[in-house]
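Here we start with a single chain on its own, the form predicted alone, put down as C-alpha cells.
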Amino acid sequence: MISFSKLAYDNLDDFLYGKAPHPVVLKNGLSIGGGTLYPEINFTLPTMLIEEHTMPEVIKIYKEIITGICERARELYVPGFVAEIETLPPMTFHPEWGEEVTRTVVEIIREHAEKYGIKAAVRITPNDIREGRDLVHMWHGSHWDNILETFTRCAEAGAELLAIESVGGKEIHDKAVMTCDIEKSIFALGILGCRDMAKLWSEIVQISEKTGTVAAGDTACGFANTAMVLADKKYIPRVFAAVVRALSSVRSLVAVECGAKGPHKDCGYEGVYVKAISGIPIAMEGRCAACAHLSPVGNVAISVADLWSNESVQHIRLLGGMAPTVSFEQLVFDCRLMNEASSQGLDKARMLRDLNADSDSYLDPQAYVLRPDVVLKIAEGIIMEDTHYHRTKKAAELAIAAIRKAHDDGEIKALEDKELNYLDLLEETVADMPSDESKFIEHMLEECEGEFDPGKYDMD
C-alpha cells in the first residue's frame, strides 16, 4: 500500500480548484485536475420498479437522459464533462442490467463525441449491496461477487472511472450518529471502515488494471453525509457532524493508499482532505446538490474541486426541461465562472476560491472544517500518525480543537450552549480513548456486542 507522510501541497496558494498535483488524463485526452473545472452530472430514474420486464423502459429513460445532457453540452459549448451512473440495487444484484445501462450511456456519449468533439467519460458507481440479514460476509459470498462482477462488466462496457459508496462499518456508524457516540464513530470509520476499504479497493484496483480503466475513489456519504443531513434537521449537534466529516477522511484515503487515482467521488466532502494529502483530483458537490439534499456547505465545497457535481437528480419534468438537463446546465455555468477566474490569473482564482469558502465557513462548523486553510492544518496533523486508528483519533482531536478555537476567536458564528456542551463531551471522550489500538478494539467489541457480526469482518 502507498504510504503518505507529507502533504501534497507546500502552501495554501497552490491548493485550488481545477488543479491537482496528480491529474487524471482519460483516453480521450480529458484531463481532470489539469487546470479546468469540469461538470459531473449524476442522474437516476424516476420512481419505478426495476425488474426484468421493466428493463426496456429503464434503458429508454437512460437514453433520454444522456441524449438531453449531450445536446445541452453542445448548445452551451461545454469542453468536457463526466456522467456518473450510480447503479440502483437491482442493477448490482443483476450485473448484466448495470452493464446494459452503462453500454447505453457510453454509446450515446461516443456518438456525440464523434459528431461534435465533446470530451466526456462515464463514472460507474455500483450500489454497495453488502447489507441485510442474508449477507454472508463482507468479502465473500454472492453480494461481494455481484459487486465485483458489476465493476468488471461496466468497465468492459465502456465506463472509464470506477467508484463506490462503500458501507463497511455503516451498521455501527448509524447507531453512533443517532446517539452522538464518538467512540463508535471512530470504531466504525477508523477500524471497520478502513479494513473494509483495504479489501475492497485492492480488488477494484486489480479490476481497473485488467480492464484499462481508472480506479477513482470512494466516499463516506453513508457516514458523514448522514450526520450532516441529521444536523441540518436539528436532530444532532452540528459540531458532531463536523467532527465526523474530518474522521471520514482517513477512511476514504485508504482507496488511494490501495492505488486509486481519482477523481474522488462527489458526495464525499472529505475529498478535500484526500486531495490535500494525496494530490489526486476530487469531485465535489454543494449548492447544485440541493436537488438531492440540503446542506450548509453549498459554496465552500467548490473551493478546491476538480469536478463539480449535482449529487443525483431524478428524471422528472421541470418548467425548464427534464431535471437532469436542468441540473447539468447549473453545473456548467458554475464551472464556466470558476474557469474564467482561473483564465485571468492565479490571483483571481484564489480570490474566487476564498470568497466561496468565506461565504459559508463563518455560519456553520461543518463548513469551517472544509475551509482550504483549515483542511491543510488538520490534514498535516493526520498524516503524522502511524495507523488508521491513530489517524482517525487525531482527526477528531484536531477538528474539535479547530472548532473551539474558531468559536473563541469569533471566526465562526457563536455556538449555542448545547453545541458547546457537546464539544466538551467530545473532547473529553476522545482524550480518554486508549492509544493502544488492540485495547480499543477489544473495548469496542464489548460495547457493540449484538449490534453487528464481527465474523463478517474476520474479527471473531
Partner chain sequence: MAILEDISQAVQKGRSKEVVALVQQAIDEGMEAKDIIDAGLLKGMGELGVRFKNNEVYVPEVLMAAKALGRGTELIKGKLVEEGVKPVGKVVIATVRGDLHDIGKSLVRMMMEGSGLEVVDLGVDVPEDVIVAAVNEHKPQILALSSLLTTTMEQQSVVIEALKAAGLRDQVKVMVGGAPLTQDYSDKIGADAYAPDAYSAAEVAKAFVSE
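Everything quoted here is computed from the prediction, not taken from an experiment. Positions refer to the first chain, counted from 1.
One more form of this protein should be noted, the form predicted in complex with the partner chain, which is absent from this view; the next part is about it.
Here is the short version: of I383, I129, A341, C258, the single residue with a heavy atom within 4.5 Å of the partner chain in the predicted complex is I129. Comment: the partner chain is not present in this chain, but in the predicted complex one of K60, K418, K405, K27 has a heavy atom within 4.5 Å of it, namely K418. Proximity to the partner chain in the predicted complex, taken as heavy atoms within 4.5 Å, picks out 37 to 45 from the listed stretches 397 to 405, 429 to 437, 37 to 45, 66 to 74.
Under a 4.5 angstroms non-hydrogen atom cutoff, the partner chain in the predicted complex has P89 among its neighbouring residues. Contact annotation: D409 falls outside 4.5 Å of the partner chain in the predicted complex, judged by heavy atom distances. Although the partner is absent here, S142 is not a contact residue: none of its heavy atoms lies within 4.5 angstroms of the partner chain in the predicted complex. Within this chain, E51 lines the site of the partner chain in the predicted complex, having a heavy atom no more than 4.5 Å away. Looking at 201 to 233, the residues that come within 4.5 Å of the partner chain in the predicted complex, counting any heavy atom, are T226, L230.
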